[in-house]
Structures are given as C-alpha cells and as structure tokens.
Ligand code: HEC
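Next comes just one chain, in structure tokens: the form predicted on its own.
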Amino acid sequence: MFKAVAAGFFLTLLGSGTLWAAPDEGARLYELNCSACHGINGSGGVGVPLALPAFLHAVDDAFLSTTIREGRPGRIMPAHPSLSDEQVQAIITHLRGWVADIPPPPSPAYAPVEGDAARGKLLYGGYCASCHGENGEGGHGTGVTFSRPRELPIMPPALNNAGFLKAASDAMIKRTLMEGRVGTPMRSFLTLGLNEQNIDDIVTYVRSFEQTPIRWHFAEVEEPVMMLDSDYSLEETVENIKRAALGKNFRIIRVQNLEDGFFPEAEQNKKQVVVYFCNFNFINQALNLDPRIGLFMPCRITVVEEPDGVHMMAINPRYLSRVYNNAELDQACTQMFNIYAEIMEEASL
C-alpha cells in the first residue's frame, strides 16, 4: 500500500563529522567515521569510550583493524569495508596518540587457549553473565550516555558476536580477564579469587560461541519513506491525523508548515504541513534503547498537497533501525512503523 516517494524527501541527520579540516589524516578520518558515536576525543557517547589507557594498552592493532572492518553486527558499531588499509591504520595511529606514553601490547600468539568449556560455562554464568548476558548477547542500551538509565556506566560488549570473535584473539580475552579494564566495571578475575586455569576455561567457553553464534535479524525494509494517499483536502487530512493520533494515546505537539524556520512566513509553501505527536512513555523506552532515535522523534507525519492529490508521508522507522545497526531497536521501530501505518490509514478512510 505504501509507495516510494520522490528522491529528496528523505532528509534526516544520521550523524556526521564537523566541517573544519582535521590536522592530520588519521584525525580527519576518525572525526568523519567514528567521532559521532565515540566522541571527538574518544570519551564515548552512543559508542563506548576508546581513549581509556587500559583499553588501548590491552588491544593490539589487529583487533582494532578487524573491528573497524567487521563492526559488531546488530550492536551499534557498523562495519567500514570501504576504508583502505592505509586509512584504517591512520585511524589506529590517531587512537594510539591519545596514550602515546603507553605502548600497545605485543602481537599475541594466536594459538588457542587450552581449557575446559564445560567448566568455563559454569564460571561464565557466575562471573560474566550478569554483565555480558546469559548467552553472550551483551549489555542493553548504548555506550556511556549517563543522561538516561543504564544498567552499567559502560555498555558491556557482546561476546557472542561474529565481529568480536573474529577480532579478539584468545590471548587478548585472557589478558582482559586477568588484568581487568581500569575505568570500566571490568575487574581482574584474579582479584575475584579465580586462578589462571579458571580463566583459560572461561576463554575456551567464550570461544565456543563461534559454534552457536547469535544471529541478529532486522526487519525487511522496502523504502526509507512511508507514503499513503488521502481522498480528503489538506486541512481535512491534517485534522484526521490529529484525531487518529489522539485515539492511539498520543499527544499532539504542534502543527506547522514544513518550511517553517527555513523561509519567511510569506514565502512558505502552505501546502506542506507537518503534524508532530508524541507518547512520552513510548519515546522514553525507545531513547533508553538508543538515544539516536531522538533524531526522528517526536513522531511526525507530513501532509503534502500536489496537483495529483494529497499525500501523507513519514520516515520509515524500520529503515532507520537497520541504518543504526542496533537490533534492540527493531521491536520499537516496528511498533512505531505500525503506529504510523494505522494513523495514516485511519486518516485516509
């Protein structure tokens, strides 16, 4: 029922770097590709902090390179396959510059750690699952955004994730368990009473996730924009949308011309109107999953009168869920998609 809309209507800010020139290539590439989530100085935000000395001391360049290339499917961090090897290395060099006095670890021996996965599973359940998830699915929410409720100040990574398991060697996982990660809730397991054999068992169990990986699925999406025709006039359609939104327990925020704020009122196209509406409980739940959803909240439907009739348009939330690479958002975005569809259909009856 929903049709593709003409190119140019779908205008939304998905995150970008600033416009001034960076002092070197690594800084410029980091600013363009990473800073929107990890912060201009690596202090974190939607993404986890990268400038922690304990982190940069614990991971080698191979881990960082593979992470940039592969991302973390379904877990905020997108893949960057288009960057050249030189560009990836430039970003890594820029990261290392934050803690230039702390050398990275030597390249680890990639021989697998020898342990007992069955014992490791029991230990994982007692020492790791409360943060990293019963099945290694990771913590809920995003990054280090303190302005909204979080289970922990930094989102624990998903260990049962194809991107993590490809990037992290057994040696790196073992080093993290033995040393902990200063500046995060991750403590040294040695201080918790475990011995090296216990840690080897946990590493072996984590590595076994490769045999039964979590598959992250996103809703199938056709178009970035939802669109439906109306047989009513523009004014009647706007009133119908308001009535339908109120019937779904949404509050009408405002109605304004699409060009309001871009042109003087006398020059605005009065045949393009946006209806803003919101359910504060719903938006709070969605923001807790991913604050980036605030870029297309509150809910809004645009009504446009053209020579061929009146059309209702809205950004497709399921499309943005995929763009944001956050599988946790899928349910909320599908719910939001259904709300848009129901309101637009009711307004067109």
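We number the residues from 1 along the sequence you see. Not measured: the values here are computed from a predicted model.
The same protein also exists as the form predicted together with the named molecule; that form is not shown, yet it is the one meant from here on.
A.B. asks: Exactly one stretch in 281-289, 35-43, 297-305, 311-319 has heavy atoms within 4.5 Å of the named molecule in the predicted bound form; which is it?
C.D. replies: Selected stretch: 35-43.
A.B. asks: Which listed residue (Cys128, Leu228, Val238, Ala162) meets the criterion of a heavy atom within 4.5 Å of the named molecule in the predicted bound form?
C.D. replies: So the residue touching the named molecule in the predicted bound form, by this definition, is Cys128.
A.B. asks: Which residue, Ala244, Ile173, Val273, Val113, is the contact with the named molecule in the predicted bound form, using a 4.5 Å heavy atom cutoff?
C.D. replies: Spelling it out, the residue with a heavy atom inside the cut-off is Ile173.
A.B. asks: Does Phe277 make contact with the named molecule in the predicted bound form, using a 4.5 Å heavy atom cut-off?
C.D. replies: No - in the predicted bound form, heavy atoms of Phe277 and the named molecule never come within 4.5 Å of each other.
A.B. asks: Though only this chain appears here, would Lys166 touch the named molecule in the predicted bound form if you measure heavy atom gaps against 4.5 Å?
C.D. replies: The answer is no: Lys166 has no heavy atom within 4.5 Å of the named molecule.
A.B. asks: Just checking whether Phe189 would be counted as a contact of the named molecule in the predicted bound form - the rule being heavy atoms within 4.5 angstroms.
C.D. replies: Residue-level check for Phe189: yes, a contact with the named molecule.
A.B. asks: Using 4.5 Å between non-hydrogen atoms, is Pro78 touching the named molecule in the predicted bound form?
C.D. replies: Answer yes; at least one heavy atom of Pro78 falls within 4.5 Å of the named molecule in the predicted bound form.
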